[in-house]
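Listed next as structure tokens: two forms of one protein chain, kept apart as structure 1 and structure 2.
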Structure 1
């Protein structure tokens, strides 16, 4: 099997370059991509299909800037919860719109929660609502002051270009 077209669960050079290209200019169509990459249109089409089949490329969701939408504050909470109640707690957190992300983790805390709010008063309300969820034992909250590195995948893609 050619290492050029198959890298196990990974991606190959052309895949990576395609994803990088799309990362930089997401609105590009298949045809334009093929031109930039110097390959046939069908190839790009096949690669994109394959990346989607493999689950690497899951789509092109609209990137919404919550700050521009009025939710300028972000906070993180580490929740320590009652034994075996992770599912229940997660479900309740799910019902809070401002909760944007939850991870179950090892270590001191059990759940890491990311949430947003429109202003300080609003943040207070959201935090209260989160920490008062049933089965939440202890919490530790911090407010995000800035984001030195926003969510990024680029470096990992660049490394795959070899």
Structure 2
């Protein structure tokens, strides 16, 4: 891993250990982080501030289980859209609460959309909203049966620790 400078790439060993600690226990305060890492409180605060400025540390949102909230069905849709309309389509998809993520992609489709629903009938309602978005030309939807590997960053942080 390259050395970290204010605008430089990568993270160093202390950054990685701090991020691992916060990944495991996101509610830890700066003082407790400094105690566990064996560095000064000011060092931890400066590292967190720098990681935030660089966009590495983007916040501390709570981990929310959408299934426990009643959205037990996850689906992915590949959208083909009118050329040059990615921004407009993304803006309209943003207005659909069940759309959790949208990624611009290469390959057969233009956008990959992760959406949630309460059940199959609700998914049909969500899909109907998606296909009715202006400039969406075609969709192909797949339902996720399980999530063997959920979103994760730990292995990358562990690799960064020397």
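Numbering follows the first chain given and starts at 1. Remember, it's a predicted structure, so these values are computed and weren't measured experimentally. Basically, rigid core = biggest C-alpha set you can superpose within 1.5 Å across the two forms.
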item	value
Between structure 1 and structure 2, the form predicted on its own	2
Value in Å for the CA shift of residue 88 between the two structures, taken after the core is superposed	2.8
